[in-house]
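Shown here is one chain on its own, the form predicted on its own, set out as structure tokens.
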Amino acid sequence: MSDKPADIDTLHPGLSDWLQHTLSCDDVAREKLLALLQQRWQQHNHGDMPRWQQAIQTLSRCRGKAQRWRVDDDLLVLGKAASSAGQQMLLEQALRELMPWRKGPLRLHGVDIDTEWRSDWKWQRLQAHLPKLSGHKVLDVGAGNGYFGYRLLAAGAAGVLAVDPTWLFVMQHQAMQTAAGAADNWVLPLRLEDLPDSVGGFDMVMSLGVLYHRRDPLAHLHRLKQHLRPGGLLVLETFVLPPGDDLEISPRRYARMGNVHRIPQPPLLRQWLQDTGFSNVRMVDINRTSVQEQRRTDWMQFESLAEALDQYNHALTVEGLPAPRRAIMLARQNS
């Protein structure tokens, strides 16, 4: 099996038509985006790609004809269980080739995947504050495996274009689409900066857990804003500080992560959004991440939040900084 597939219609079925007819993306931007995708797939050099593609090929062989996805009691279910115990074991072995699994929980072809994050908890906190999403076109930045895209579709969105540069997450999404058939939820192996400026007009843009990884947070906010239609909704989640003397910190390391650049208090985060040109800025949720919501599991066997916290005081990280708390901010495109 080739490890460098080039058929974009096969890799991202329906994307070109959706860009043209639903998002109303102009021809120049659409062709530029599709050409960039083709280049990324052809020029990748990830050593694990053949193994991941073999796992997805196994999923494809084992699936039945009638495929569907659904949200069942807050569990994202994709595909139907295998018809035999032996086939079910083969499916689980294939899905384990795509570890670590971070966003979920998921049930793929009857295999329960206990992901690192209880992303359903985050969705519950967020969903209560979202407007009706019927017909909405959504851009999801830093989407991981596309979990939230399925939740948005279930809430009525017309389609979700997602970007994430991590090849493992893109291939996990390929596995999810293979399990349940294509949906209008595309995870592209791109950064936000790769999207042509005129791929815009989105009704909603989501950036969850990305801003603190950016050296220039205001530049990230500007890029999010340019992809929104006038009056469109920004959904932003990022680390914030508790009340204290520091309005923001710029840690060298934070919770054992080396790429966390700026963490503000909520009033400063609000100011960043206003300075970028957003209006109606409001914080709808603030939550200190618990070791029940983010944790090591059998499907994500590396260190997780518990190892990043002071073992004697979970209010602090191992670096002695305030433990991770995340704020969800909503704001409107003001131009």
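Quantities reported herein were computed from a predicted structural model and do not represent experimental measurements. Don't overthink the numbering: it's just position in the shown sequence, from 1.
There is another form of this protein, the form predicted in complex with a small molecule, and it is not shown here; the text below is about that form.
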Answer for residue 261 alone: is it within 4.5 Å of the small molecule in the predicted complex, judged on heavy atom distances? no
If you check in the predicted complex, is residue 209 within 4.5 Å of the small molecule, heavy atoms only? yes
Please tell me whether any heavy atom belonging to residue 222 falls inside 4.5 Å of a heavy atom of the small molecule, as the geometry stands in the predicted complex. no
Examine residue 144 and determine whether its closest non-hydrogen atom to the small molecule in the predicted complex is within 4.5 angstroms. yes
Whether 254, 296 and 313 all lie within 4.5 angstroms of the small molecule in the predicted complex by heavy atom: no
Between 240, 180, 192, 90, only one gets a heavy atom within 4.5 angstroms of the small molecule in the predicted complex; which residue is that? 192
The small molecule in the predicted complex has a heavy atom of only one listed residue within 4.5 Å, and of 148, 101, 186, 202 that residue is 148
Can you check 70-78, 166-174, 149-157, 131-139 and let me know which stretch has heavy atoms within 4.5 Å of the small molecule in the predicted complex? 166-174
